[in-house]
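Shown next as structure tokens: one chain only, the form predicted alone.
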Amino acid sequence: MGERIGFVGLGIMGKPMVRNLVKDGWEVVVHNRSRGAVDELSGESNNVIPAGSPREVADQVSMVVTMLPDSPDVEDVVFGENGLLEGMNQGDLLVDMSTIAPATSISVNEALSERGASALDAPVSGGDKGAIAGTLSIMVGGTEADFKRAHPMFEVVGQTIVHCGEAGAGQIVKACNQVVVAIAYEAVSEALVLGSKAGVDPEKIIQVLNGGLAQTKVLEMRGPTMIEHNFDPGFRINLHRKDLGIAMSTGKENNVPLPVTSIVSQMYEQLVANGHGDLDHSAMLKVLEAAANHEVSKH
């Protein structure tokens, strides 16, 4: 039986995470910018308690989870009017599971420390499927004590849970993760377009690649939906584009060139410019199809 916990941000990721916590016996005080998701979850269970603002969440719990789209959203929820900072006091813990700039995570942690509270940056990988299944990979920055305190909650929503270092370390590892995922999507797209245009059934390509060194989660989970041109978002292009911006900035700050990431980042910019920002990031395939003047299809 879990404790009472707060949760702010009930989007593609947040909503299934709350459902998993409730299923595990936790009471969850929830807030979301738009009310629909709050009403939906509170209608499903008496263990979901609606709150009118982030502060109202913080007033009722000692640990709050946030799952928000970007750094400005986290800053608004924490520092804004009726924000979490106003309701968090000595001993309270914020677990921010959003993917944001490492510098923002550090500034949030510093602001909470001044009130005797603390924060973990705990971004996740695994997309909506991982959130629904409770199998997310969680990379955590912050103190060992806070990591241990949040661990029972992490175990409900995730499977691979790693303490990466001090504040900001979780976000740095997430940036590394997003580099690999983006480049994998580009590589899979190149392979599918090349093989398909040369006359091979793309389903056969996936079957073979999944059995050898080229096997990736991207290919395994999204290869079949890419062939079907099913780009319903598990993770939107707009968000991956934002994450690659964080990776590029982190590279610049640390004097690390990221040449291929830079190219793939521009390909996502192209998709956004063409109005595809709300599609799944596997829609990278569209860029390669346009370049080759060939649409991948089952033979």
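All residue numbers refer to positions in the sequence shown, first residue = 1. Just so we're clear, the structure is a prediction, and the values are computed from it rather than from any experiment.
The same protein also exists as the form predicted together with a further copy of the same chain; that form is not shown, yet it is the one meant from here on.
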{"query": "Residue 12, heavy atom within 4.5 angstroms of a further copy of the same chain in the predicted bound form", "finding": "no"}
{"query": "Partner proximity in the predicted bound form: residue 22 to a further copy of the same chain, non-hydrogen atom cutoff 4.5 Å", "finding": "no"}
{"query": "Non-hydrogen atom contact residue 212 with a further copy of the same chain in the predicted bound form at 4.5 angstroms", "finding": "yes"}
{"query": "is_contact(residue 37, a further copy of the same chain) in the predicted bound form, heavy atom dist at most 4.5 Å", "finding": "no"}
{"query": "Partner-proximal stretch of 168-176, 70-78, 110-118, 149-157 relative to a further copy of the same chain in the predicted bound form, 4.5 angstroms, heavy atom", "finding": "168-176"}
{"query": "Proximity to a further copy of the same chain in the predicted bound form, single hit among 93, 227, 101, 193 (heavy atom within 4.5 Å)", "finding": "193"}
{"query": "Contact test, all of 137, 247 and 250, partner a further copy of the same chain in the predicted bound form, heavy atom 4.5 Å", "finding": "yes"}
{"query": "Stretch 145-166 - residues with a heavy atom within 4.5 Å of a further copy of the same chain in the predicted bound form", "finding": "162, 163, 164"}
